[in-house]
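The chain that follows stands alone, in the form predicted alone, written as structure tokens.
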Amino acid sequence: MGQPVVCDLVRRFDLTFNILSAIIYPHQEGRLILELYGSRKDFNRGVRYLKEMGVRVEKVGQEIHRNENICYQCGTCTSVCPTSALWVKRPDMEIVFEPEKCSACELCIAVCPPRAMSVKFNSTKML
């Protein structure tokens, strides 16, 4: 392909994006999961462009879970959460998770000592 398709989505179609997951190898097929934001018209034009470039486009939703039974409220996740979906409720010092703010960046999964956080991608659900 050799084209900067993600950059073109920003420049040509006025879309913003968040990379949720990427598996990319040189000269091989890879997978890139993006959240795309913009007007419906620009979004549709951008998706049409991707398809014309030979990119397979699928709708993907996120299922974000926090297992309250194993979370021991250490707060490590709050230090890495870029969207403040995880935060400390004071003065209780309770960790609050607001899934609607979560971008599924998976940083909390990597740092959570008891592995209380999980993110699954669901191709049948669009959030």
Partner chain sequence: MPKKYKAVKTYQEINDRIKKGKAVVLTAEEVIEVVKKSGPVKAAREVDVVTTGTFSPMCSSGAFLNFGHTKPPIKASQAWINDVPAYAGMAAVDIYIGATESVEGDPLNSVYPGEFKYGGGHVIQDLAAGNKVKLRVQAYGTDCYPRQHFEKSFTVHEIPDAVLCNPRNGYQNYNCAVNSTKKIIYTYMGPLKPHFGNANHCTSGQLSPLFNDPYFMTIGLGTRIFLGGAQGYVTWPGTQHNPDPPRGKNGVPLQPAGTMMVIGNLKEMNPRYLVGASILGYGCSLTVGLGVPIPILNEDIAQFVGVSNDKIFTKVVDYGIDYPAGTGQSLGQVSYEELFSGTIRVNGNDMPTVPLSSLKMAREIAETLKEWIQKGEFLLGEPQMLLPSVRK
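Numbering follows the first chain given and starts at 1. No experiment lies behind these values; they were computed from the predicted model shown.
Here the subject shifts to the form predicted in complex with the partner chain, a form of this protein not shown in this document.
Stretch 74-82 is the answer when you ask which of 28-36, 51-59, 74-82, 96-104 has residues with heavy atoms within 4.5 Å of the partner chain in the predicted bound form. In the predicted bound form, the partner chain sits within 4.5 Å of a heavy atom belonging to V88. In the predicted bound form, the partner chain sits beyond 4.5 Å of every heavy atom of I19. Of the heavy atoms in R115, some are within 4.5 Å of the partner chain in the predicted bound form. Contact between V10 and the partner chain in the predicted bound form is not found at the 4.5 Å heavy atom cutoff. Relative to the shown form, the Cα atoms of I33 and S84 move together by 3 Å or more in the predicted bound form. Compared with the form shown here, the Cα atoms of A110 and T16 move at least 3 Å farther apart in the predicted bound form.
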